[in-house]
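Below you'll find only one chain, the form predicted alone, shown as structure tokens.
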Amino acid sequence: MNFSTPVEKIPGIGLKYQKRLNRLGIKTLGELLFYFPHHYGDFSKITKIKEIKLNERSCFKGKILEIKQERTWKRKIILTKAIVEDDSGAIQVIWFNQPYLIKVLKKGDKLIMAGKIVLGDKQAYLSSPVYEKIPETEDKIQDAKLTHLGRIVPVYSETEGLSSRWLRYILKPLLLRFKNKIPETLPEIIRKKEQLLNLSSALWQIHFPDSLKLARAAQNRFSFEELFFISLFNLKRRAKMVKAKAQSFPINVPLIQEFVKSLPFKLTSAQKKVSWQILKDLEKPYPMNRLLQGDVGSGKTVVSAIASINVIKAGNQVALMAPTEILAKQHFQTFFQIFNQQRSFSSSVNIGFLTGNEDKFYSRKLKSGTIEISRQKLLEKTKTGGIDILIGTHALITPIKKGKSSSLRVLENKVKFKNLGLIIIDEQHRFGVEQRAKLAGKKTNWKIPHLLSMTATPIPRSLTLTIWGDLDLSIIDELPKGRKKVITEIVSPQKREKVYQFARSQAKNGRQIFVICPRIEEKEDEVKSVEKEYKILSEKVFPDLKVKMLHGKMTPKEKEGIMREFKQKKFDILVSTSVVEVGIDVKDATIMIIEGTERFGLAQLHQFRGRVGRSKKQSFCFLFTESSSKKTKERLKALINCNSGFELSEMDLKIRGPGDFFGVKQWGLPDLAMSALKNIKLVEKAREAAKEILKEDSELRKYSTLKRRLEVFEEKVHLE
């Protein structure tokens, strides 16, 4: 056997357990050995029988004096009864409906047992304890051979038909056989500096630790290792990108100045700062790889427009990709409005729009307004350079299927650019990393386009350094002047009616209302579904107002139609799922009501709140919750007291963990590495260690094992 051996060929597993292990993502011996415990149970304290307390879980050793089996008088329950003693006393043990035990356990067997003492009709007894047989020689060496009790016991994430006990039973002999055969992957200089366990010791201690301290040391080693490889991977990608060639776009200062003056508003100092950073990147002869972060409404779109102008006027094309058709269409309209302010060159710019669900595809020639053209013509114009900016969804990188039946569907031509100079991806973490790499990898002759990623979800520093560590970072930390802080309140069930009355008065004055629900269909009694909430609000609460519903199961055309009507003020209240979290801009919406706020993270709640307050009118966000949890109240108070999305994202990371940030799970990180992302100090140490290694040996020629391990890691994250 070797580490690539399929699990079904491992003795004791076979085809029966293969399927169960596969459900856990375990297909090879190597993956089984590196399937780490979720947590640990401490059964290391051995209690004397006479010291065991009623209704407390205890662990003790003893010898079976007698064992028998009997049925209750109704013959419905099989009882296996035993008397077990140690040097302090004896106790009765009873197992219920486990008839096989009479064949497994015999008089004279030495056991270690764990369970609770309960009070029966006549006497106290140990009820259905877990047990493990103790080898004949009862000394420290033999005790160390215990697997399930009498020690720190690993507990794994399980699946139906596959328990932690079974995993311990399988893993222990395999670890004893293979743990010393796995080559060390971390350079010795790093292990010594960071005081990390070697791989062999860490692998044993993470599965069968001698103490909780050693278990934590093993976890720390593997957490550091995963973060180290992420950092190493990102730094090598960054170095590779610097060596690549890209079109250099000198800053056209007069053009940019004229554009900024034509805007109906003044840029904030933060917008000016990040615009300059991006324009300086575009001057470089190697591809820009920058992440632009900014709260909802901070003005990221106009910054991307400034970069686009510079590229277009140099004779190149721009592609802008958004995660939803609603957001893509909004960008399409916004770019037209922004560029139309600049008369000196607007007539020479064409903007195209492409998605995978519409039958018609559009191009906007700014001089003459909207021109509707076919997909094929749009693709041809893009290929020949007739489209300057192409805006769309993932249809920009995915061939479109057409045809009434699956058998007739054919792949339409892929989008091809004549001279693509800049790629802009909005809400970049909502796209799979493979998609990002695919779009960014489009080559114009021998040059690679510059890449600007944008996100309104504030990303904690530790995630930025790891998951997006190959990107340079720009932050818009300032909202446009004149915007009022959204008043945020926690609403208990008793105050719900008061909020409804206030909302009605606002609606009568021309204001609009969002109501956000956690799910589309109600699967739990306390979770409000969109359908149910819509019915309640439209029929009982606001029968005098116009209410409509929006959710992700609707078609793109349905969603777009509803949002268009909402913007046009054809109805007052929109009841929706989290589909409105990103990219929907309704100026007259001033009230955000969020149902089941305990179901959302702080960063997501902050995104919802950003859907209102988009004008100079005072806006409100009401957090409806029926939870009495102290933790929930603390989280919601943080939302009230803090208006900074970046600060909230750090709190969200500590409370909920990194798995809830879009895109993080795409990396396929193990739980230990996911948890380690909360530890900024460990992240920084791992990144510095990666820098040191690459500074010493950029090609890792001296570290062949490390190089091979990095290649495996690259395959795992599906980027190259």
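Residue numbers here begin at 1 and follow the sequence given. In this text, all values refer to a predicted model and were calculated from it rather than measured experimentally.
This next part talks about the form predicted in complex with adenosine-5'-diphosphate (ADP), which is not shown.
| query | Only one of 258-266, 467-475, 91-99, 617-625 gets a heavy atom within 4.5 Å of adenosine-5'-diphosphate (ADP) in the model of the complex; which is it? | reply | The contacting stretch is 258-266.
| task | Just give me the single entry in Lys106, Lys213, Lys587, Lys245 that has a non-hydrogen atom within 4.5 angstroms of adenosine-5'-diphosphate (ADP) in the model of the complex. | result | By the 4.5 Å heavy-atom cutoff, the listed residue in contact is Lys587.
| task | Using heavy atoms only and a 4.5 Å cut-off, determine which of Val302, Val541, Leu235, Val155 is in contact with adenosine-5'-diphosphate (ADP) in the model of the complex. | result | Comparing distances to adenosine-5'-diphosphate (ADP) in the model of the complex, the residue within 4.5 Å is Val302.
| message | Under a 4.5 Å heavy atom criterion, is Glu595 part of the interface with adenosine-5'-diphosphate (ADP) in the model of the complex? | response | Glu595: no contact with adenosine-5'-diphosphate (ADP) in the model of the complex.
| Ser298: touches adenosine-5'-diphosphate (ADP) in the model of the complex, heavy atom cutoff 4.5 angstroms | Close contact exists here: in the model of the complex, Ser298 approaches adenosine-5'-diphosphate (ADP) to within 4.5 Å, heavy atoms only.
| field | 4.5 Å heavy atom contact, Arg483 and adenosine-5'-diphosphate (ADP) in the model of the complex | value | It does: once adenosine-5'-diphosphate (ADP) is placed as it appears in the model of the complex, Arg483 has a heavy atom within 4.5 Å of it.
| field | Any non-hydrogen atom of Ser649 within 4.5 angstroms of adenosine-5'-diphosphate (ADP) in the model of the complex | value | Close contact is absent here: in the model of the complex, Ser649 is far from adenosine-5'-diphosphate (ADP), nothing within 4.5 Å, heavy atoms only.
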